[in-house]
Ligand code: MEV
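The chain below stands alone, shown as structure tokens; this is the form predicted on its own.
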């Protein structure tokens, strides 16, 4: 039996635009999915992502029948990388259990393939960050300085389909390419400026640019009234910045805050109907836990 876990993630900058080759910055967070792999009399597959991971490993080695059990702190359909975390933790556990010999870079690559197969289109962001941990500038996969500030997530409780939202944005781009493509480019420019600010630890200006990024995400049609209420409540309560994280349409928003202000920001999010989650950035990616 092998137990492995992998972290979820937040975006500081770049969701949606990253699908079209623009830069992004994403961070692993201390919310994790744990996967236990053990031999069984019959295979037990819990999700299309787990099934996809099993299929990828079975193309490399002959798999015995396995049971795969999942425990997760990451809300599904929330924009926090739940599918990437379960995919990467499953791949890593199977890799160890069946002595496949894959490197973490190869695990991240296979994970991206699984997400792309299931969703139709996916960036490498979620799976790479879940594998490696830390703060990552994409697509170069450059590791940046960690964030030494608080992170408060607001969950609307409304799940959304990443595939459907990505398809919605793609159709908007097809209809108005001359307008939408430049918006993607500006989002990419925010990520480039954000790289410099993260390295400096300039949370005030990171937050301001997160707010700009949020306005652009709204223009792509991926916002919601529930997310907007939580974002504005967090800002009013003193967050450096707050925006959607992930595909949008529901799911979660994220606020960067001074550690001393976390409780006040969380209370503000909950006062408008959100579920507040306290967390922080982690340097730890996928791990073998037992």
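Positions refer to the first chain, counted from 1. Note that the coordinates shown come from a computational prediction; the quantities given were computed from them, not determined experimentally.
The following text describes the form predicted in complex with (R)-mevalonate, which does not appear among the structures shown.
Distance criterion of 4.5 Å from any heavy atom to (R)-mevalonate in the predicted bound form singles out 247 from the list 233, 262, 37, 247. Checking 96, 166, 220, 212 against (R)-mevalonate in the predicted bound form, a heavy atom within 4.5 Å turns up for just one residue: 166.
Looking at residue 25, you'd find every heavy atom of it more than 4.5 angstroms from (R)-mevalonate in the predicted bound form. Interface membership of residue 123, defined by any non-hydrogen atom within 4.5 Å of (R)-mevalonate in the predicted bound form, is confirmed.
(R)-mevalonate in the predicted bound form is approached by residue 19, whose closest heavy atom lies within 4.5 angstroms of it. Taking the partner from the other structure, (R)-mevalonate in the predicted bound form has a heavy atom within 4.5 Å of a heavy atom of residue 162.
Heavy atoms within 4.5 Å of (R)-mevalonate in the predicted bound form are found in one stretch of 239-247, 223-231, 66-74, 52-60, which is 239-247.
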